[in-house]
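The chain below stands alone, shown as structure tokens; this is the form predicted on its own.
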Amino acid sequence: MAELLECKNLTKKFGSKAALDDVTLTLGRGRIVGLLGPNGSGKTTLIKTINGLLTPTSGEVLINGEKPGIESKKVISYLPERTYLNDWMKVKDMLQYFADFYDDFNMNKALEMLERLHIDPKDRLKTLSKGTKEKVQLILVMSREADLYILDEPIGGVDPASRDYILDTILSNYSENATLLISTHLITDIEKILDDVIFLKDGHVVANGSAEDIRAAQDCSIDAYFREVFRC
């Protein structure tokens, strides 16, 4: 069986600048993976390339052995960093939109998550706070029965008191055979749930492996190691 995700000598250039430079990595199934690095390290470029939103300059991305396309969109559930919801719609309209668009959307799961997070499906998005909109968007993404969930800064706009609740929502709503790839700056908040980490710096993978192994080898937390690797 092919790896869930493979990046082979992946390079993406914008003009003469390489946002990704010869990135090679694999993701298996049933893992929670932190994609870590400072601004400009290539995290969002990598995520967009995996999702087929950017075309590699060289190298390739394979999802279940296939290049990004119609088939990969059926198995990847993607949460972008920026909110894309239409303000004029009601929350329940967005749920129905996803249900119509994705065969794997679980309406019951979405409604349960809305109730847990105290969000009224009848509310219009324009009446919601930025943090609540981000919660709605996360619910939409996590209500799919996908193979690979890619979350770009899923707790960045959420208040600290809600972060553990959001992480619990994420953990409670994906199958054990699926993989989560989470890009975030808030390493302390998510470190406890990570199985593996990928460190990107200037478009290069500078560390990639088990979070437990890295903590043991460096004799410090992932957050402390991150600060060491990326200190100015």
Partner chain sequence: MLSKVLKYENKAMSRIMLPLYAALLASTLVTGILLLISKVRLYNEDNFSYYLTQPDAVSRILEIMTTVFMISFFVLIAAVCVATFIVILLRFNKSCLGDEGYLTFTLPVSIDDQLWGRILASAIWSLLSLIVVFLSIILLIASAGLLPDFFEGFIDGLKELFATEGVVGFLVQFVCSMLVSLITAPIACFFCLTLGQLIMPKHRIAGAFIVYFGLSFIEQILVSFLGYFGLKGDYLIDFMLENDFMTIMRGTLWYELISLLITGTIFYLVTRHILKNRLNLE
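Positions refer to the first chain, counted from 1. The structure presented is a predicted model; accordingly, all values stated were derived computationally and were not measured.
There is another form of this protein, the form predicted in complex with the partner chain, and it is not shown here; the text below is about that form.
Using a 4.5 Å cutoff between non-hydrogen atoms, Pro80 counts as a contact of the partner chain in the model of the complex. Within 4.5 Å of any heavy atom of the partner chain in the model of the complex lies no heavy atom of Thr184. Interface membership of Lys201, defined by any non-hydrogen atom within 4.5 Å of the partner chain in the model of the complex, is ruled out. Interface membership of Gln96, defined by any non-hydrogen atom within 4.5 Å of the partner chain in the model of the complex, is confirmed. Though the partner chain is absent from this view, in the model of the complex it lies within 4.5 Å of a heavy atom of just one residue from Asp87, Glu115, Asp123, Asp159, which is Asp87.
Highlighted residues Phe105, Ile139 and Arg163: none comes within 4.5 Å of the partner chain in the model of the complex, counting any heavy atom. Remark: of stretches 54 to 62, 202 to 210, 173 to 181, 25 to 33, the one touching the partner chain in the model of the complex is 54 to 62 (heavy atom within 4.5 Å).
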